[in-house]
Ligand code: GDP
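Shown here is one chain on its own, the form predicted on its own, set out as structure tokens.
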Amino acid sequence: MYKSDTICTIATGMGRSAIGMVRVSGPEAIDICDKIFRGKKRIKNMETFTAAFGRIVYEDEIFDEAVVLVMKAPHTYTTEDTVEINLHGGSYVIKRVMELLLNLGVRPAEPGEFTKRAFLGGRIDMTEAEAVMDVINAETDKALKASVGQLTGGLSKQVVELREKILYQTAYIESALDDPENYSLDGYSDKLKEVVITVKDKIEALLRTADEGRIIREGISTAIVGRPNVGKSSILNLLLGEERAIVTDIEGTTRDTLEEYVNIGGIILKLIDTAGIRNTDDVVEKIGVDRAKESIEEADLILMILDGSESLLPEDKEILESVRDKKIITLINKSDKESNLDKEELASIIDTEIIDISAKTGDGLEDLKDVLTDMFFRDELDFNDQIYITNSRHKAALISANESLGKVLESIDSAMGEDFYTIDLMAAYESLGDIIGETLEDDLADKIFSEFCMGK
């Protein structure tokens, strides 16, 4: 998986900007960049973590003025010699400098290759590597803090500590089986059981954060449902703050699902505006209704829209019955008009949070934010102490480790021989190793890094 050649890439966005950076890393980074930089200092003579101003020149052709930053191995992001060339931010000049480097034998970096080299060089583990992209993709304060917690090694520290406990017990059993004269297993099962329960409890505590962690990272999948013409699309437009969905007085205007993301009080909602649910002979509308029902099945949250100016209709009650097993917030639209909806009747049908809202005036949005926070986050999130599992791969590995430790407890309770314990102990050890990349297969690691943006 490791490639030791010298790589380069454009590390800033393409297009006009004040600065455009080309990043070069590898064993020949300093020598090659020294050939094309002319300033008061030679790059190969510069101290690490110093900068110099000059020009990019090759064969008497001046490409641009530049500031170069030199970082020497091993104390760099990739653990290799690295040079960052800061140019004027025109796309053409950056492209020409990239072509110059390629002609001198530098290879274009693959997506995520700089971070992959940091991982392979031992500067970061896989949780920290994955957190790099999470930080880049973070769209809320909660998501950023959760990502920074992993980037600074919070999760990896806990995983390493758990693996050390498992490895110590495994090593003790193996030593006792090989050298029973010096290592006794008398009463060992009870001691091992205490250790396994402690480790298992910590893994389960991490797993309990996974649902909140997924929501922090990906947002809450939210289906906006209701019968036709109750204001679903108007509510969507209100939440987005723009006229995204078509709104008319004609029933059945929305024929398909429409997906948008919105940040409400630091919580990302993946909003799915669905077709009005009703029985219909219209073939196209029926397809929309079927897709609406599929969205309901997959959603984390249902925003049930009712028309507050009307009484509950049979269609409303039918939809409420169909979503009773989901997390539901009922928005009674048109709070700016006289209310004709019986909330007691609504409460008798389904247990739901009820918010009066007006798509016209915006009243009720603050109440929605408060209800969302209470519904999806148990307490105020404390990112100083709490690690949140935001990655589905980490969750799967923790589940696997937890199951293996469960088998160890079953073996202890069944009074099986100590040699049986080590099989499942090592399975748990390896599953936890997958999280930090200690036992990760090369093809999976390659897949993870391929999803990174260019330049990282």
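The structure displayed is predicted, hence computed values, not measured ones. We number the residues from 1 along the sequence you see.
Separately, the form predicted in complex with this ligand exists; it is not shown, and the next lines address it.
- In summary, the binding site of this form is open: after superposition of the surrounding C-alphas, this ligand from its pose in the model of the complex has no atom within 2.4 Å of backbone or C-beta atoms.
- A single residue from the set 227, 123, 193, 165 has any heavy atom within 4.5 angstroms of this ligand in the model of the complex; that residue is 227.
- With the partner omitted from this view, the residue of 320, 359, 206, 220 that lies near this ligand in the model of the complex is 359 [heavy atom within 4.5 Å].
- A residue is said to contact a partner when one of its heavy atoms sits within 4.5 Å of a partner heavy atom; residue 169 fails this definition for this ligand in the model of the complex, lying far away.
- Using a 4.5 Å cutoff between non-hydrogen atoms, residue 117 does not count as a contact of this ligand in the model of the complex.
- When this ligand is considered in the model of the complex, residue 324 lies well away from it, no heavy atom lying within 4.5 Å.
- Residue 334 belongs to the set of residues with a heavy atom inside 4.5 Å of this ligand in the model of the complex.
- Of the stretches 177-185, 231-239, 125-133, 93-101, only 231-239 has residues with a heavy atom within 4.5 Å of this ligand in the model of the complex.
- Contacts with this ligand in the model of the complex, taken as any heavy atom within 4.5 Å, map to no residue of 297-311.
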